[in-house]
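Shown next as structure tokens: one chain only, the form predicted on its own.
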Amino acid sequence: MSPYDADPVDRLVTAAADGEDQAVEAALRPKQLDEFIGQERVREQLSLVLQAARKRGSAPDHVLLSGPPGLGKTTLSMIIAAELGAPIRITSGPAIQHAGDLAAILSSLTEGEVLFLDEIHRMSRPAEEMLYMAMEDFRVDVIVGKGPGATAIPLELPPFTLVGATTRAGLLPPPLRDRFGFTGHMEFYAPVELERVVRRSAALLDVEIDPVGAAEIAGRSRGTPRIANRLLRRVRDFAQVRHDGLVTAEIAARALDVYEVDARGLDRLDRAVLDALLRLFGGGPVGLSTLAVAVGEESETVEEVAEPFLVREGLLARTPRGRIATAAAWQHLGLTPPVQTTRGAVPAQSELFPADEG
């Protein structure tokens, strides 16, 4: 059912819940560079860029932040603006489908303003080409009229800093990538760093948590601060409703079991993919679309949501013949791998399902 088909009261409740979550996430964001946990190399490099710009009294070079979702790219963009004492304008690549959309944003910038462009790799090609000149020469050409009578009017822009964020840096064309003066790649967090994130967020949320409880949440957070903060809020709810509010390792484990997040961080979809791959297809190889049908999801959902984490954890591998499970996957689900088939034997079930698209 579409959200627009739902009861109006349900839509209002859902919108209020989403708004509350966004407000909580905003409150948990660090405001200064020295408050930002993790990403030491990126923080050190970015600090040098910002300090040098302040000493020169000029806008810093354009900044490109790349890496998986939830690692703090948006937070760092806000910190850049705060460190510079400058306002920030936030938009995204999918929202800019025409060059005129970008021209309207650029022409309204003030001197020194920070423009944060999320998912910059999804910007349209005409807007992308306009951005080249804006980044390099602080100028855009506005086309007036159509056909042979069209004229280009140059529009000077005040110096500004573009902060681009992308989860797929390889999709950025070289001319755009080369115009960024600084590129920082965000890495997944170590468990120790996530423990610090959880303890800091717990203090801001007024949640009483012991160190082992923080470690339990961090260990199930898939190396991602955004997930760690979300799990902390769910554990907080469990501890407040069913216990005295104190979050211990036992309480955290029981809460996350309720929310179907296992000790390794796998959620319902992750385990469904592994379970189908092991039980139905003998560990593979099996094609992506066949595997998606088996778990009742779209191929894109399995490929973009579940597979990256399973591959990173060494539980699943992508091969030219299809997806296959590793020995660690069998061990994680407590199953025994089947004996290899020999010539003339009955084929395994996975052999009956060709690897449709690898």
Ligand SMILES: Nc1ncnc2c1ncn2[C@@H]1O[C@H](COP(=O)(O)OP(=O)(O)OP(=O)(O)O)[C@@H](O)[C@H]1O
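Keep in mind it's a predicted model, so treat the numbers as computed, not measured. So that there is no doubt, residue numbering starts at 1 and follows the sequence shown.
Same protein, other form: the form predicted together with the ligand, not shown, and the subject of what follows.
Scanning T74, T91, T248, T183 against the ligand in the model of the complex with a 4.5 Å heavy atom cut-off leaves one residue, T74. Of the heavy atoms in D118, some are within 4.5 Å of the ligand in the model of the complex. Proximity of P308 to the ligand in the model of the complex: non-hydrogen atoms within 4.5 Å are absent; the residue sits far from the partner.
Although the partner is absent from this view, S221 stays clear of the ligand in the model of the complex, with no non-hydrogen atom inside 4.5 angstroms. The closest heavy atom approach of P69 to the ligand in the model of the complex falls within 4.5 Å. Note on the interface: of 173-181, 128-136, 223-231, 107-115, the segment with non-hydrogen atoms within 4.5 angstroms of the ligand in the model of the complex is 223-231. Of the residues in 37-52, only I37 comes within 4.5 Å of the ligand in the model of the complex through at least one heavy atom.
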